[in-house]
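Structure 1 and structure 2 below are the same protein chain in two forms, each given by itself as structure tokens.
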Structure 1
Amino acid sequence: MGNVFHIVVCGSIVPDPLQTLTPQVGPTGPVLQNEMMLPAVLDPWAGHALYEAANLAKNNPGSQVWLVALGPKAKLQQVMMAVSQKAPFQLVVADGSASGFTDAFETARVLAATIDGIAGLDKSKLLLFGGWQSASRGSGAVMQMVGERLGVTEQFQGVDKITVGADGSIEVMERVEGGAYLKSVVDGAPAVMGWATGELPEPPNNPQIGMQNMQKNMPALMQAKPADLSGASLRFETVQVPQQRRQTRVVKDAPLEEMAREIVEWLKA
């Protein structure tokens, strides 16, 4: 018999990276100006995790993929219209803030409880996927805590490649310092994988998959329960965008030799 995996991908939305972000003081802490109006995208590294999950499920018949998202459901719905066209998955939603300023521990608590509530999930087959860092909080801490809460203590971060053996063991390549890879093997599920870029390009849009996904996923959005993220004492004194504008000197129409000499002098200084 082949390997069957129950793959749960944790991923939410972040502001489109081309947007200018301005922090401001909100009622319970920092928020982004016009946060609900900013165009949003699927968090990029979580997106890679989703594409890897879909591919793994395709290659291991009988496997299933869930996408578990903690985010404001109205915005999630917009983003899911696009994401749904990429790969088949079952959406599970906790309706709450996807802000980078919420406590990682609280986010993990809500995600773990949401995953615990998935009917038909077999934790012995569980591969818990997500991005190795979000583009919002960027803590690289949530997946580990979700795993620990679910009792999954074999974990990997910065994953670019996994290879499943016939015996169900999984060889994993994780990014480490200096552009090197750490190679390990875990004897099988359950395990946590925080993905970096992975190996797969973004799948092309498939309207048929999109239709099927949205049909089964709209109820998940409608039924999403409000998430309580209020348990932390995390307090922000300030959040500031640094003054980053430099006085750029533009060197134009100068002889190449002169520019080259200037660059080399600067490099050697």
Structure 2
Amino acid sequence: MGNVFHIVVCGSIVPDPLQTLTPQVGPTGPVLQNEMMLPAVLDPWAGHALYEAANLAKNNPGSQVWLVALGPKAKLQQVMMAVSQKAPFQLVVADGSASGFTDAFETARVLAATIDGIAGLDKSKLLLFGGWQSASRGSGAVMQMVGERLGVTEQFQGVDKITVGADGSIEVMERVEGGAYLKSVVDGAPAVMGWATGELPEPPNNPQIGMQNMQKNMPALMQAKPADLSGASLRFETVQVPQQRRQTRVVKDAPLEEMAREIVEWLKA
């Protein structure tokens, strides 16, 4: 019998990166100006994880892919119309904020509880995929905490390639400093993979896959339960766009030591 995996991909929506994002303080905390009006896309990091998951499932018959998304279901529905044409998956939705100001700890708690509720999920076959980072948050902590909550301690971050052996073992290539890779081998599932960019291109649109996906995913959107993100573990005092600063002074024949001293003093200030 071949290798069979239950692959859960954690990924949500983010504002289209071509938009101008202006933070402001709202009644319930920091928000983006006109956030609900901004066009949204699937988080690019999560997108890489989803495409790698779909390819892995295709090469290992019997495997299944779930996309677990925490976000406002009205915006998710718009994005899923396009994403569903890329790869086959079963959508699982937690209806809540996808804001980058949501605490990573609270996000991980909701995602782990949502994954626990997936019917038919065999945790002995679980591969938990997600973005190494996030285009909205960039904390690099959510996937680690979700894995810990689910009891999965074999974790790899910055993954670009995995190779499944005939015995079910998985060779993992993780990015490390200096453009090098750390190669590891895990005996098999369960494991957490925080993906970087992977090695696969974005799949072309396939309307037939899209139709099959949306037949399953529309009910999932309609039946999405509200996510409780009310924890008070994080509080923002203020939010603002970083200010640009430029201070230029032209000096001829300055000693290198003097230049270095001035740069250090400027950084300290």
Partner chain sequence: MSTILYLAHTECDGGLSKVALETLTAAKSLAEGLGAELAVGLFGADVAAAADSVAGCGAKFYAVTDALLNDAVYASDLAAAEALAKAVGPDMVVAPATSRLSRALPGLAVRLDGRVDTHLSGLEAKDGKPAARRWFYRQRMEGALTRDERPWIVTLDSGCAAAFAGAGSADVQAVAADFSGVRTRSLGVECVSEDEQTIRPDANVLLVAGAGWTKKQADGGVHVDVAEQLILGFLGATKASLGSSKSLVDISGEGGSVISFLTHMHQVGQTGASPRHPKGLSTCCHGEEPHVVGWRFIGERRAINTDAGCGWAQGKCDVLYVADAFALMTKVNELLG
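Nothing here was measured: the structure is a model prediction, and the numbers come from that model. We call the rigid core the largest set of C-alpha positions that still match within 1.5 Å between the two forms. Reference numbering: structure 1, starting with residue 1.
Only one is the form predicted alone; which?
-> Only structure 2 matches the form predicted alone.
Kindly check if the Cα atom of Leu18 is displaced 2 angstroms or more between the two structures relative to the superposed rigid core.
-> Comparing the forms between the two structures, which are aligned on their rigid core, Leu18 does not shift its C-alpha by 2 Å or more.
Report, to one decimal in Å, how far the Cα of Glu262 moves between the two structures once the rigid core is superposed.
-> Shift of Glu262 at C-alpha, rigid core superposed: 21.7 Å.
Superposing on the core, what C-alpha displacement does Arg245 show between the two structures, in angstrom?
-> In the core superposition between the two structures, the C-alpha of Arg245 moves 7.9 Å.
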